[in-house]
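Same chain, two forms, each on its own as structure tokens: structure 1, then structure 2.
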Structure 1
């Protein structure tokens, strides 16, 4: 995803459209997520936000984790679990899949059209399909 540099007012509107109460910390976290446009861990978001803020406005790690969870729950970003120890946050919410390089820990987008699904199992009674996320793990030897 290409980086998007939203104004403060645009971020306020974006959060509001998703039903997210606006706080200065949430605006700062959203700005960092979209300004870089890459797949990031909570730790990277924490570092980036605090590197860009004055000491008087620092954001706690708990706030970053809670905010990322809220953003994912509200559909503002996607949470991608690349392996049991790596969770990434993706500002690209359009349907797509991922390559995950287990050596570099890099997550890369795969266009949805590049993967064809067929033969999915029958869904449990009363369930509806919300989506399919594919993570293809690769390594370089």
Structure 2
């Protein structure tokens, strides 16, 4: 996804629109998510947020984890399950798919239009659709 450099005001609105209470940590975390636009683990978010912040405003690891979970639950970002060892978060919530490099542990977007799936199979009895994830696993050398 393209990096988007939101102003503080815009971030506050964004959070508000998703029904997320606004705090300074949540603004900082949302800022780095959209300012980079890539697929990140909680660890990376933690590093990036705190690299940019004065010591007095450091965000704890617990808050990063909890906030990413909250953002995903509220639909601001989405989880990508591609690596058995960590969860990735994707600021792009529009339908699309992913390449996953099993060597470098990196995700790359695939535009939705580049994979056309013919007719979803009928869901199991009483099931509600939550999402369709296509992960194309590749290796580099």
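Note that this is a predicted model, so its numbers are computed, not measured. Positions refer to the first chain, counted from 1. Take the two forms, superpose them, and find the largest set of C-alpha atoms that agree within 1.5 Å; that set is the rigid core.
The form predicted alone corresponds to structure 1, not structure 2. Core-superposed comparison between the two structures: CA of residue 21 displaced by less than 2 Å. Note on residue 127: its Cα is shifted 2.4 Å between the two structures, core used for superposition.
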